[in-house]
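The chain below stands alone and is given as structure tokens, in the form predicted on its own.
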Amino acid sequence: MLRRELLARSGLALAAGAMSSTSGWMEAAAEDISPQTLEGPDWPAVRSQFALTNEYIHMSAMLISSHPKPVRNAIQEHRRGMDADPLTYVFQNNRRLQEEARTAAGQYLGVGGSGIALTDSTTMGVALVYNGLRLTANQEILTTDQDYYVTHESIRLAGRRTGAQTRRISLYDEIEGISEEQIVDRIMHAITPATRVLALTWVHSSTGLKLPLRAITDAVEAINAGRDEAARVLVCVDGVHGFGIEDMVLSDLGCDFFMAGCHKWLFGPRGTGIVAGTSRAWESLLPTIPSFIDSANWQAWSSGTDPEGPTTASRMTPGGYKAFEHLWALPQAFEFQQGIGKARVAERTHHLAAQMKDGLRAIPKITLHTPRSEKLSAGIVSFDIEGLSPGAVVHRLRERRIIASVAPYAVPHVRLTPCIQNTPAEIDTVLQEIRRIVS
């Protein structure tokens, strides 16, 4: 009873001396990056917010990122509070700060906080959605050969649990010259009356290909117009490599579920993620992990009944004890991005990626796998060097103080991922070192 009572009290006002609201952190961030600075292209001011060592050129934010100063400060403040009096700090702050995190994510994605579930990563979000789907044995999940292990494994497990079939198609025969129309056409021709779920990745971490999601979801909506609610094709998207780059809100994409980690391109606290969904879509799921922030769950449990009503995002938010100081610092990550401006972040990232792609195309013995078009790419630049394995290229780049990565696929490629932490001069340096490797 004491535990349940304390959890119920977690939404109460803070005791005297506890941490201020998120608006205070926006003021603190303004001390580091003034609004006047952000009105102009002062990217060194943005770079100064990160504690990255200058000994390397960092081209791996797509994997895990450094925290900007406002996020670091928030984590440290929460950590001090928990270290001083962990029980009191958690129970006086947890529910309120999780709701602030949901609200901040919802604002960023153009939905209410009620449409956001909090997770630990993209992987957790993808697994929660596919494992929670109400599927039958005569339905199928359709995905692509080009999707990542996390999607493939999650839908495989969902199929074993529900009896639903899983099927893969190839998005293309050759990525060279790929067009939006070809992608949409191939997906639409693969959908059958049995297709209940379309499992996609927005930006592929192998090649950097960005799917034309709006064109796909518009085409799916035309199919859904003739289907009953229980047979609608649900479009579920691993969106992590567009999240924190593209200037968009959820309605721009038109998908039912959008899963992403916050510790990559968003530069958010490590071990945080979100699932965004429409109110219509949440009803198609069943939770997997008990929620600590959904009051209806606690009330039903205490009365010995099942929770009533449809599944909600709060009910899909996993409970348990976790790295609370990171979870609670999520609002500062969204404020940091929006303080810079989503459109400016998108423009800068695409500009740096285009500089990298154009430079690589001009180097002999290099095969570039990422489309040049901004409509079909984001921040990932994927390539190979003739006569060298991707691992060997990454090793040689590290010897030259450049951090790159290898795509963990059956057919691996070298990946460079320029972002707002980088400069055009760094891109030039990377290209110069690659020329030396090739020669």
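Quick note: we count residues from 1 along the sequence shown, nothing fancier. Note that this is a predicted model, so its numbers are computed, not measured.
Keep in mind that the form predicted together with a small molecule is not shown, yet the notes after this line are about it.
The candidate stretches are 200 to 208, 153 to 161, 290 to 298, 97 to 105, and the one lying within 4.5 Å of the small molecule in the model of the complex by heavy atoms is 200 to 208. None of 348, 263, 196, 326 but one reaches within 4.5 angstroms of the small molecule in the model of the complex through a heavy atom, and that residue is 263. With the partner omitted here, the residue from 165, 224, 278, 121 that has a non-hydrogen atom within 4.5 angstroms of the small molecule in the model of the complex is 121. A residue is said to contact a partner when one of its heavy atoms sits within 4.5 Å of a partner heavy atom; residue 240 meets this definition for the small molecule in the model of the complex. The small molecule in the model of the complex comes within 4.5 Å of a heavy atom belonging to residue 63. Heavy atoms of residue 267 never reach within 4.5 Å of the small molecule in the model of the complex, leaving it off the interface. By the criterion of a heavy atom within 4.5 Å, residue 148 is counted among the residues contacting the small molecule in the model of the complex.
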